[in-house]
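Shown next as structure tokens: one chain only, the form predicted on its own.
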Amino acid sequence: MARLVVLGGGVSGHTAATFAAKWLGSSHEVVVVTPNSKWNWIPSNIWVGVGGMSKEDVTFDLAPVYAKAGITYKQAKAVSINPEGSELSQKPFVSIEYTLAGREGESENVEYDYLINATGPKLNFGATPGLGDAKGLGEFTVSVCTADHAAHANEEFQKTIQKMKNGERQKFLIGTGHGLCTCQGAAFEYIFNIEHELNKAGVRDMADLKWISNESFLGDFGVGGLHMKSMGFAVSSKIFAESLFTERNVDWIIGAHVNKVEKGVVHYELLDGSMGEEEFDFSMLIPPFAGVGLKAYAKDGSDITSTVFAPNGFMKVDANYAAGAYENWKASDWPKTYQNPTYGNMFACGIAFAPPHPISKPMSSPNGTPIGPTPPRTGMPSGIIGKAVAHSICDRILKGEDAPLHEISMAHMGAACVASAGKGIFDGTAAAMTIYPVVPDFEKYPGTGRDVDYTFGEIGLAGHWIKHILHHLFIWKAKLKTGWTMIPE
């Protein structure tokens, strides 16, 4: 019997584990190690953050789902990996610490034949002084990164609505809380959902909304922007985003590295090297991501963390980490199999793999401060990669160690995104966009780097309904309900 251990139960890890359990059957064991007791459909957290949904609407308990799938579930945090085993254990293993009530502090070594690192990110609030504590419940700002964060954000948001109804004008500042953040999309959705809810509450005229982001232009989204077909024309995401912000009277600050947050004020540095301050009454700033801090040890106990992980804490895979300057970057730099180059039975997927470099052009201020989005690896790409990695491992378990690995590069992958701009049965709005490929290939598609026939976007009520349907569809899939395998990632 072979044992596959999956670290993480988010979109990528949950996808990998559930498909692996289905393909391997009861002859082999799938183990999921995750500190969380619940699964969270993160794209809907922005609705929780404005009161459009409750946190119960976007989460469910993992234990019964894994029991149904025949998956061994350990509610615990992975601490370290021994990919060569140790002097006491011939097999490789991962050391874990339980977070399950009643077992807190207990530790265990879990042996494996294959390992998938799908731990996702550490929400690195500490990178910006004043941004938030380890739980994301900052003294000055809020977050929508988890369901609990989003519920807290809504509590604070409702207070501002009441203040405006009482005649007190409010300043809103939404965006990224550091120069190297990703997930601009979540903040983008949140600011327009706030704008929508303020209109519904009849207090929009009492609010000043401002966007702050590390993007060098509106509509970069961490993918270097895109040109998409809209109403028969090729439109840049810059024009698309600027139009949306202007139509809804939302101001913006871009190319900004937030370097400090204090009560009611954000301090930032711009790409031109200048410093600024922005006051706020309510602020939601996405934190930067880092690896979760896993360590790695050789058989003799020596530290090999730098061999297995990149400096940012994400696991090294089959990417070209020596591409160098931006001018040398190619689509082929991006990983295809997500296999660790040193230990062939370890893989990483979702946010947990180390990208070779950003997708957007790297930029720094004259002061040497890097300011630009790190590459997104969430949502649809996470699920697709998780499934492909699981397929590779299952083939090697069932067909032999020489079975070819499945390939799914983000440079050959399309993705769809539905960005909400307001929730409502008849007045909801969302921008439905597709992009192909996610990582631009300027050799294959000179000029734009992408195939404009498969990169398009529209905004309207239909997009909102698509996002609402997808919410229910993907929770159905994650619960392994009837026909779940037929629902695409």
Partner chain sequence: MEKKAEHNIKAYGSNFTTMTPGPFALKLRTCKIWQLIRFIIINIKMLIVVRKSH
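Residue numbers count along the first chain shown, from 1. On a predicted model such as this, the values are computed, not experimentally measured, just so you know.
The next section is about a form of this same protein that is not shown, the form predicted together with its partner chain.
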{"query": "Contact residue in the predicted bound form, chosen from V292, A319, M413, A151 - any heavy atom within 4.5 Å of its partner chain", "finding": "M413"}
{"query": "Of A432, V31, I42, V65, the one that lies within 4.5 Å of its partner chain in the predicted bound form (heavy atoms)", "finding": "A432"}
{"query": "Answer range among 185 to 193, 249 to 257, 117 to 125, 262 to 270 for contact with its partner chain, defined in the predicted bound form as heavy atoms within 4.5 Å", "finding": "249 to 257"}
{"query": "4.5 Å heavy atom contact, A69 to its partner chain in the predicted bound form", "finding": "no"}
{"query": "Distance check, W465 to its partner chain in the predicted bound form, heavy atom within 4.5 Å", "finding": "yes"}
{"query": "Close approach of E458 to its partner chain in the predicted bound form, 4.5 Å, heavy atom", "finding": "yes"}
{"query": "Non-hydrogen atom contact P440 with its partner chain in the predicted bound form at 4.5 angstroms", "finding": "no"}
{"query": "Interface residues of 379 to 410 toward its partner chain, as seen in the predicted bound form [heavy atoms, 4.5 Å]", "finding": "M380, I384, I408"}
